[in-house]
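Read the single chain below, which is given as structure tokens and is the form predicted alone.
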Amino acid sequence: MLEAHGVGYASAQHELLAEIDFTARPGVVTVLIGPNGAGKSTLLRILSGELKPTRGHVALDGQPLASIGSAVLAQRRAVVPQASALAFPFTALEVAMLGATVPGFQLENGQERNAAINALRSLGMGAMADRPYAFLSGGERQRVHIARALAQLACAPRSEGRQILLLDEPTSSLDLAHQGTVLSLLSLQARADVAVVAVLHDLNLAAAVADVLVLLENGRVAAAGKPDDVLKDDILSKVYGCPVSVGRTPANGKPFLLPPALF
């Protein structure tokens, strides 16, 4: 279980996060939502250990995250950032294998390659495994990095604690079909008892995949709970600063929204 206790973060005297209490539980897909600049990506970077909070702390199974070594963290959590730069002429498969080739994983011969291939195939990228990464589209690169994280979790030595998958806007460059593929994989990871935390701007996608939504506003938690409890007209209208009317899908009654200009 990954927990944030009273977390705050300030940069250049500007407060980006304040008084954040947050829990990511195994088997649960938690989605961070909120307007631009609400602090979603900053919070995800703090949860991953990339940033240290200026107030409060993050704990993994009760142990302060700052006290956990990088080797142990690599076994417990995988991260897909919003953007990744790559200066080397790697193929898609070689990039995906980076997730598995971590010191201390003690893999058997070919295990990292098989894990990377399986992860690419699960994302519809199997036929592109040998294609140069530099020649891939933005959406294809995004899926390669998700495959890298999945390969890391698949090859990590099984420790006492459960694993965590953190993703920042994993569907931002994807078409409709591949958005569905990625969201399905997030749900599958949760069913395998992984704690999944994702940042999503698209509230419809968030409603479709989330077990728990955490709505941020100006660096604070404005609402948290099940999608039905968070995606309400009054809450969203206040946080987003525009009229919001939440509808329901006919098939399963999940919330859906349209931009206010389309009302």
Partner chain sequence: MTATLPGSLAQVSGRMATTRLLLIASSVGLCLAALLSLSIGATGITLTAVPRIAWAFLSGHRDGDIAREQLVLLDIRLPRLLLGVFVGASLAVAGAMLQGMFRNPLADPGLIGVSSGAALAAVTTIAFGNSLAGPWIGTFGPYALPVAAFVGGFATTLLLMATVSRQGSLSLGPLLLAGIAIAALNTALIGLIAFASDDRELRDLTLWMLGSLSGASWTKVWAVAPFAVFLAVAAPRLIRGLNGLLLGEAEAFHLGVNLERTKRAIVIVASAGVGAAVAVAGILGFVGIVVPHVVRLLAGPDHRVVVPASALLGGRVVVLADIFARMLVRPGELPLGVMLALIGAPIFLHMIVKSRMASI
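Numbering follows the first chain given and starts at 1. Keep in mind the model is a prediction, meaning the values are calculated, not measured.
Here the subject shifts to the form predicted together with its partner chain, a form of this protein not shown in this document.
Can you work out which of Pro157, Gly124, Gly139, Gly180 has a heavy atom no more than 4.5 Å from its partner chain in the predicted bound form? Result of the distance check: Gly124.
Can you work out which of Ser187, Ser173, Thr101, Gln111 has a heavy atom no more than 4.5 Å from its partner chain in the predicted bound form? By the 4.5 Å heavy-atom cutoff, the listed residue in contact is Thr101.
Whether Met1, Arg162 and Val196 jointly form a contact site for its partner chain in the predicted bound form is the question; each needs a heavy atom within 4.5 Å. Spot residues vs its partner chain: no contact at all.
Partner-facing stretch of 200-208, 231-239, 26-34, 66-74, counted where any non-hydrogen atom is within 4.5 angstroms of its partner chain in the predicted bound form: Selected stretch: 66-74.
Glu169 within 4.5 Å of its partner chain in the predicted bound form, heavy atoms: Close contact is absent here: in the predicted bound form, Glu169 is far from its partner chain, nothing within 4.5 Å, heavy atoms only.
Taking its partner chain as it sits in the predicted bound form, is Asp61 in contact with it (heavy atom to heavy atom, 4.5 Å or less)? Result no; Asp61 lies far from its partner chain in the predicted bound form.
Its partner chain contact in the predicted bound form: Leu150, any heavy atom under 4.5 Å: Looking in the predicted bound form, residue contacts with its partner chain do not include Leu150, since no heavy atom lies within 4.5 Å.
Taking 4.5 angstroms as the cut-off for heavy atoms, does Gly49 touch its partner chain in the predicted bound form? Yes - in the predicted bound form, heavy atoms of Gly49 and its partner chain come within 4.5 Å of each other.
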